[in-house]
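First, one chain by itself in structure tokens, the form predicted alone.
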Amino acid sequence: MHPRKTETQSLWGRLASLRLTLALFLILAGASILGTLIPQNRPFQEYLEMYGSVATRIFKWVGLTDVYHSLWFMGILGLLVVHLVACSLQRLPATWKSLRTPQRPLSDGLLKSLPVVKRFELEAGVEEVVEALRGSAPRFFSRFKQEKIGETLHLLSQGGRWSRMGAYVAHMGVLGVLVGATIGFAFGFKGFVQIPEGKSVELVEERGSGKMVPLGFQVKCERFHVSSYPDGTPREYRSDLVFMKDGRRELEGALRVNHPISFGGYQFYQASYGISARVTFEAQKDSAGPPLKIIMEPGDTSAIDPQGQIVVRFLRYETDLQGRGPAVLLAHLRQDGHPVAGWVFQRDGKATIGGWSLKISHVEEHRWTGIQVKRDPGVWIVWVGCGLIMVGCAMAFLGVHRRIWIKLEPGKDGTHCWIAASSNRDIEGTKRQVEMLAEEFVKKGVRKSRG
């Protein structure tokens, strides 16, 4: 044999080995555990706070902060695909040949190789036995194919042979899931958007990149509702959404947790909610001059003096902080040092920044709903793959390829009968079925003795 051909066969055999199966599944399980324990796709600053600079840089370099999109994880999935293909191609030809090969009559050599064999001596002749079976149990008799060799009659039956293809159907399902997931990773989209109640958006922030991606239509939150348990914890939160295109209302629906809405090729999921505010501040240098009004929302940056020298940023809003009512977290962006942050309370507080007095004069609260937006072009392939896995497992574990032989040979005082059977699994069930066949002969009173 050619050395190169031998090496190829050896490599192909290793790719189809059971050890590789176990190793790949253990590695994938370990990667999934890491992807669960380590938060995925968070801002770099969050990782620094949780793990420190050294561990964060290692995690980023290895790809542990985005495990399921990392090159090494995709490489393992690719190797799993090659492994499944190798397993199927190595074993499929022999299985297919076995399924296509007709059942042979019961010979002496075949009889010795079968795991279940019973022998009977019958008083009646061969034709009488066949007529008794055909008359009393026509459905039973119709399962068998007759083949006569000389004076000997062979009854052949087999069922469930296609169950042996279950493993290959399941393999196709796994390949479908992997291919569909790969398509979703490569061409899918995941994003997040906050929509204030009564407002609409048409741009969504892509997860990971932070880019604003246009949807091609508008999504409006007409109403947001939260229902709570008696202790105040949220029971359900719902967003009444309207999807509009070219100014027309195309779809309306209530978005709830675990009840997504699909529109325009995207799926929308209820993820979070919160309360924001439009806050009016009054800034005053001294009591003599009129106050300067400044209107800000979270994330805004504005100067509180006419010269634009004193700049503050609206960081956060709380409806009731420490029981003291509405409060705003402001940061003073100083040119000569680090920003300084502090809370400003509406009821009884004010801040002094750069000689200016700043207080809250009016708060206009509004709720917002947080929505995850997803597009996955490979999801239907994943669902087909899952269906094939279920069908394949049902075929492999519930189906039994069982073959039965009955040999009726004329004798001096009647008929010699052999009942033999084999199956790819459930040998005990096969023995019970052979016993039931033997009882059919007992009921007809044609059995004389058993060997």
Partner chain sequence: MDSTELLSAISLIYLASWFAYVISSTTRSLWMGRVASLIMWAGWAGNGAGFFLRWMESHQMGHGRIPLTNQYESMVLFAWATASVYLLLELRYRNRIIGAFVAFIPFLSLGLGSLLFDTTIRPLVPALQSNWLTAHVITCFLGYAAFAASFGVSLLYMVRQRLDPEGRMAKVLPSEDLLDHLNYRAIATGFPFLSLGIITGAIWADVAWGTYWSWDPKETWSLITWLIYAAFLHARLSRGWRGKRAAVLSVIGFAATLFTYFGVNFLLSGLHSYA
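Each form is matched to the other, and the largest set of C-alpha atoms that superpose within 1.5 Å is called the rigid core. Source: prediction; values computed, not measured. Numbering follows the first chain given and starts at 1.
Below, we refer to the form predicted together with the partner chain, which is not included among the displayed structures.
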Would you kindly say which of Val193, Met296, Ala181, Ala283 lies with a heavy atom within 4.5 Å of the partner chain in the predicted bound form? Ala181
I need to confirm a contact call. Of Trp343, Trp356, Phe144, Tyr269, which residue comes within 4.5 Å of the partner chain in the predicted bound form, counting heavy atoms only? Tyr269
Do all of Leu28, Cys386 and Asp426 end up near the partner chain in the predicted bound form, with near meaning a heavy atom within 4.5 Å? yes
In the predicted bound form, which of 148 to 156, 327 to 335, 254 to 262, 100 to 108 comes within 4.5 Å of the partner chain (heavy atoms)? 254 to 262
Check whether Phe73 has any heavy atom within 4.5 Å of a heavy atom of the partner chain in the predicted bound form, and answer yes or no. yes
Heavy atom to heavy atom, is Leu18 within 4.5 Å of the partner chain in the predicted bound form? yes
How about Asp246: is it within 4.5 Å of the partner chain in the predicted bound form, going by heavy atoms? no
Taking the partner chain as it sits in the predicted bound form, is Phe59 near enough to touch it, meaning that at least one heavy atom pair lies within 4.5 angstroms? no
Within 4.5 Å of the partner chain in the predicted bound form, which residues of 363 to 392 have a heavy atom? Give them in sequence order, or say none. Gln372, Lys374, Asp376, Val379, Val382, Trp383, Cys386, Met390
For a quick test of reading the superposition: does Gly30 move by 2 Å or more at the CA between this form and the one not shown, rigid core aligned? yes
Core fit, then Gln307 C-alpha moves 2 Å or more between this form and the one not shown: no
Any CA movement of 2 Å or more for Arg256 between this form and the one not shown, core superposed? yes
